[in-house]
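One chain comes next, on its own, written out as structure tokens in the form predicted on its own.
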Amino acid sequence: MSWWSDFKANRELGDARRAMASARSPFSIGKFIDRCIDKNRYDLALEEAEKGNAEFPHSEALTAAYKRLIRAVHSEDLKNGRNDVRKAPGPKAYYKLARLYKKMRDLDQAIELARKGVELYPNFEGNYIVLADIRYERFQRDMRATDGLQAIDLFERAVDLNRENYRLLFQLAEIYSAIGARGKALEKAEMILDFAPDDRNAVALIEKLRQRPPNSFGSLKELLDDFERRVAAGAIERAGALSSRYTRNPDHLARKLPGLAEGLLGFERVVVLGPKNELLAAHPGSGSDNREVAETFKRMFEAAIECSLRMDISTFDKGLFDADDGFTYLLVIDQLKIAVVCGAKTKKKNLLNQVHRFVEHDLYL
């Protein structure tokens, strides 16, 4: 690039950054990241992506933009990783490529590669760790005992293969600590002292754990089942910033909903349920006008979420139900459940685009 091209690119990106700052949302940040990718300014894109992911952790738009960024930054790594798996396979080849796909949030590919690595090279711990990390992320999101048990089992199998993996032992100790398994957490933290006796982090964790009373459950499954029950009862907070905002102020949400209908030919109704399946807002009409239809949507969401978990696939986040007389579009974002109903005149692409912009931009403003 010439100095003039650099100057123009920097000016354009400066204008784009100011526009993003004036209406900051996952959607606007994603657009800025794409502009940076076009100008090969990966440093700026990574900076904003990291800020955005911390600020808006539940955003589909940011996740998609981050995937595009990582693909651009690591295009050569992806190419080399695929070649290694195809031409010179080994446990680390599967591990490195699986980790790269996990970083890109392409979890299906990451799981497929890590599972293949485990199948072919069962004595290498790395691929167990990739699978365990993904399963533990799902446990943190959904708080399901089965996910916690499988994550711990995979981490423990990795520990059996390498008892001096510091990062692994410390992470497993923290997981046990988070769910209340004091004895198990102490065991893993003390293993670190076997090869790193002066490690301050492990010593501090051990001191903290020894101050806690032992739990009263006989097995890890009982402990996790109790953890899941407390989550379901609302004793453990799960809602993020977005659902907390609208749970506290549903009137603010109700004022935004008519904007979703504007320009969407065939729009009929939108209903939003909160973290506890309570009716927060709807349009058209008031909450009392939509109470009956909200109950129907509650059952639909419960069935879709339960089906996804039972099938052990990705957690339900959206689904478009197509019928002769129109569409029903269900979405879950940060514990908010949004149902949009449109008639047969609605264009599917318009519906998806309108809802995407509303969820990724308007809700955050």
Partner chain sequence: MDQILGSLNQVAGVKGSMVVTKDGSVVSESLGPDLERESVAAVSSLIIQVSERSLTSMGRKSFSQFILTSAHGRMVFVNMDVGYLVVITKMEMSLEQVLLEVESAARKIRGTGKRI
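Residue numbers count along the first chain shown, from 1. Predicted, not measured: the structure shown is a model, and the values here were computed from it.
One more form of this protein, predicted together with the partner chain, exists but is not displayed; see below.
The partner chain in the model of the complex comes within 4.5 Å of no heavy atom belonging to N40. By the criterion of a heavy atom within 4.5 Å, L107 is counted among the residues contacting the partner chain in the model of the complex. Contact between P57 and the partner chain in the model of the complex is not found at the 4.5 Å heavy atom cutoff. Although the partner is absent here, V293 is a contact residue: one of its heavy atoms lies within 4.5 angstroms of the partner chain in the model of the complex. M300 is the sole member of A64, L46, I333, M300 with a non-hydrogen atom lying within 4.5 angstroms of the partner chain in the model of the complex.
Only one segment in the set 133-141, 274-282, 161-169, 246-254 has any non-hydrogen atom within 4.5 angstroms of the partner chain in the model of the complex, and it is 133-141. Using a 4.5 Å cut-off to the partner chain in the model of the complex, not one of A145, F227 and G240 places a heavy atom inside that distance. Annotation for 317-341: interface residues with the partner chain in the model of the complex are D317, K318, G319, L320, F321, D322, A323, D324, D325, G326, F327, T328, V341 [heavy atom within 4.5 Å].
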